[in-house]
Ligand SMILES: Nc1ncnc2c1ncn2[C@@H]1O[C@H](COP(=O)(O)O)[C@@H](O)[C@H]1O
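What follows is a single chain, given as structure tokens, in the form predicted on its own.
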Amino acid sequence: MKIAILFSAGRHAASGRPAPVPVELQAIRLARELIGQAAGDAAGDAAGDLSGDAPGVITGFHAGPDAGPLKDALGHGLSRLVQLSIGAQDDPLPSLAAALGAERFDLVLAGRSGQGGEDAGLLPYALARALGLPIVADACALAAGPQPGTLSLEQALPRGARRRLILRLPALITVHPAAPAPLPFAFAAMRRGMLETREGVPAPRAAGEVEERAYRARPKLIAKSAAGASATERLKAATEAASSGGRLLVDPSPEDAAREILAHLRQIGVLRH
């Protein structure tokens, strides 16, 4: 399995100095555990040890003018880092699409968004569209799928919920901060890692009108109090956020799921009977 990991030029949340993005370092651990599991299934537990390197299997890609502190990713278990040299104002999408399309990776991992820069989080989706790959967001665990060429992943949902999915490869997956912590940094591993520099695809970003506004807290939706309610009930309705209602069903049968959907539609007034 060939795995690629996308790296962005992040900044430390407290000091503002250039630093790797933590969730991208967590992607390295997920990739190494997945490679170790595949190696262990094929050649026994000894082959699945994560302490050894697997050159050419896990490759990092960064499109920018300089790799800078991203070299530290080599010390967290990355075998190879490819820097696609482009200008600071160039769009990284064409360079990444060309590099990933040429090598045909089975799995591409990325963070949810950058840190300290233009953190819109849209690049993985634009890249998946350019490469024609399916994309799944917020993975916190990866494992080999039940069939060859498939991947089993655990997706992080709001309020701590989890959902297990089976995905056919190749695919692009973004990693959630709830994934396991990055592997410990090893200076010797950073020295052994390979840093390669290539020429990227110059693509100046289209200039657009952007309006900047000061942050303003949005009002919260509040629950409506019934007519004739007491002062205490009206105060409670004004201070508590409205609840979406419903129940969380885990692996329900088709009959139970259909019954809950119909009950919800009747509750909100879509169905009368």
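All of these numbers come straight from a predicted model, not from anything done at the bench. Don't overthink the numbering: it's just position in the shown sequence, from 1.
Only in words, not in the display: the form predicted in complex with the named molecule, which the text now covers.
ask   = What stretch, of 123 to 131, 188 to 196, 140 to 148, 155 to 163, brings heavy atoms to within 4.5 Å of the named molecule in the predicted bound form?
value = Of the stretches listed, the one contacting the partner is 123 to 131.
task = Just give me the single entry in P182, G114, P170, G75 that has a non-hydrogen atom within 4.5 angstroms of the named molecule in the predicted bound form.
result = By the 4.5 Å criterion, the partner-contacting residue is G114.
key: 4.5 Å heavy atom contact, I3 and the named molecule in the predicted bound form   = Although the named molecule is absent here, I3 would stay clear of it in the predicted bound form, with no heavy atoms inside 4.5 Å.
inquiry  = Taking the named molecule as it sits in the predicted bound form, is I58 in contact with it (heavy atom to heavy atom, 4.5 Å or less)?
reply    = No, I58 stays farther than 4.5 Å from the named molecule in the predicted bound form.
ask   = Would R32 count as touching the named molecule in the predicted bound form under a 4.5 Å heavy atom rule?
value = No.
In the predicted bound form, I28 touching the named molecule (heavy atom, 4.5 Å) = No, no contact at 4.5 Å.
message = Given a 4.5 Å distance limit between heavy atoms, list every residue of 1 to 37 close to the named molecule in the predicted bound form, or none if there are none.
response = Contacts from 1 to 37: L6, F7, S8, E24.
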